[in-house]
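Coming up is one lone chain in structure tokens, specifically the form predicted on its own.
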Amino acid sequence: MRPDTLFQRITDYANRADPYPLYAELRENGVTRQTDGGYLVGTYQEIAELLHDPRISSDIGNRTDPDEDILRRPDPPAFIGVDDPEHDRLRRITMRPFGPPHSPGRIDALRADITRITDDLIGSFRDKDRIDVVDDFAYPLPVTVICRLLGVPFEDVPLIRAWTNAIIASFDFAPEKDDRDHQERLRAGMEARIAMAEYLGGLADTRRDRPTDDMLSALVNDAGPDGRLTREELKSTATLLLIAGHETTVNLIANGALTLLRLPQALRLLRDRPELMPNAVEELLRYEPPVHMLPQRTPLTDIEVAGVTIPKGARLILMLASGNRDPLRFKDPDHFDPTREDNQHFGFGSGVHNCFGAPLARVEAQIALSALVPHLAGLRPAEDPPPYRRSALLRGPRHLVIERA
């Protein structure tokens, strides 16, 4: 198979369960140019340099051939889709009610709630011989937490899930532009994004001058030195926080459970030494990350990467999960080692666009997997590999049914 079809193979659903051999091929090829003019980068050093290179844009409008479906979006992009100084302004406004230095206790204050929700969920299936880790645990935990954090009523979670599923399904890469199913997913995803943004904007309006103790209230009522978000900016930002605030953590927890079920020795180690769980979560972020690629980077000028000139405006795809398994950076990279110390992974990206919600995701995964580990002994996946979600970008099991061995 020719290298110029590598991205098609990586994004082919048939390879979703194990894309890592394709990532190894990508690293051997170095920078790989695709038939559509895009460039794949999968080596650790080059990804790290590009993530910190100010000549690399996150604004799709800088591409020579931007995706018309994205450009037709009625809402402005969230801060992950713009460059500094606008990115910095939007991110600083959003960070004020979320974390240090203005809200240093926000995440720590959630620990008791996260633990309580975790215990309740495990209590509901503790004596069952068969559960779906995704539906019964990995999904309800982070979605409950992010809804409470933002101030979304829990009774609206089914609506949030339907919208999110449609949006995530639209993060698909069809090999042909006229793929009808692909076009339908794009349309449904756009409609879901608009509906979610309008819902969150309306919810924020109800908190204006009548705040409660949640982030939406803070974003519409508290003005810092950078001012407030406009209503359209708030809608885009809240949509990003709601989706990213639970989708990646669902995959992290589910991928973690599957990894430990496949590796009984690692499971026993964490059962005997629970203090290793923070290390283990970092290793999961390297070994089976929830986000596999950053598909919307663009050079603002011609740049040279590993001896290849990538032209201004080209589509640049950074394959984070490939970099995480680069043997030039990590010793024995295909081995899951909960005691690994030198672990500067790309699980949350890097650079100015480093994941906004990383502190919350870490706490959720540590608490969730620590509570789950004692209950995994004697269980096995009913199907291995399990059915995966369609997205190659946000990769994780759609279901993970486990049962008594």
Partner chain sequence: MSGERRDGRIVIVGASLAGLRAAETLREEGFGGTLTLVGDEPRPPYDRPPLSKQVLLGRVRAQDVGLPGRRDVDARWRLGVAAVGLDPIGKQVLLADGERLPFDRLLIATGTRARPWPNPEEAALDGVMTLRTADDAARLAERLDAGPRRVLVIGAGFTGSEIASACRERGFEVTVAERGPSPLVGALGGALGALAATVQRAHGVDLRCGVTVTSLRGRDGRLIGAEFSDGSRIEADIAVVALGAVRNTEWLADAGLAAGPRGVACDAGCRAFNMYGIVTDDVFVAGDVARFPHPLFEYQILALEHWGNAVAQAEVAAHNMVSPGPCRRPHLTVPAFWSSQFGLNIKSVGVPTFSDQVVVAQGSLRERRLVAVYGYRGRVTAAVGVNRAKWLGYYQGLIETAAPFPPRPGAADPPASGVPVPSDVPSPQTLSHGPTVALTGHVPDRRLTLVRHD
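Positions refer to the first chain, counted from 1. Since we're looking at a predicted model, the values are computed, not measured.
Absent from the display: the form predicted together with its partner chain. The rest refers to it.
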Checklist entry - Does at least one non-hydrogen atom of Asp222 fall within 4.5 angstroms of its partner chain in the model of the complex? => result no
Checklist entry - Even though its partner chain is not shown here, does Asp88 get within 4.5 Å of it in the model of the complex, heavy atoms only? => result yes
Checklist entry - Taking 4.5 angstroms as the cut-off for heavy atoms, does Thr230 touch its partner chain in the model of the complex? => result no
Item to check | Exercise: Asp113 in contact with its partner chain in the model of the complex, heavy atom 4.5 Å | outcome: no
Item to check | Partner-contacting position among Glu46, Asp53, Asp59, Asp337 - heavy atom within 4.5 Å of its partner chain in the model of the complex | outcome: Asp53
Item to check | Position in contact with its partner chain when the complex is considered in the model of the complex, options Thr212, Thr301, Gln183, Ser124, heavy atoms within 4.5 Å | outcome: Thr301
Checklist entry - Pick from 345-353, 24-32, 375-383, 358-366: which stretch has non-hydrogen atoms within 4.5 Å of its partner chain in the model of the complex? => result 345-353
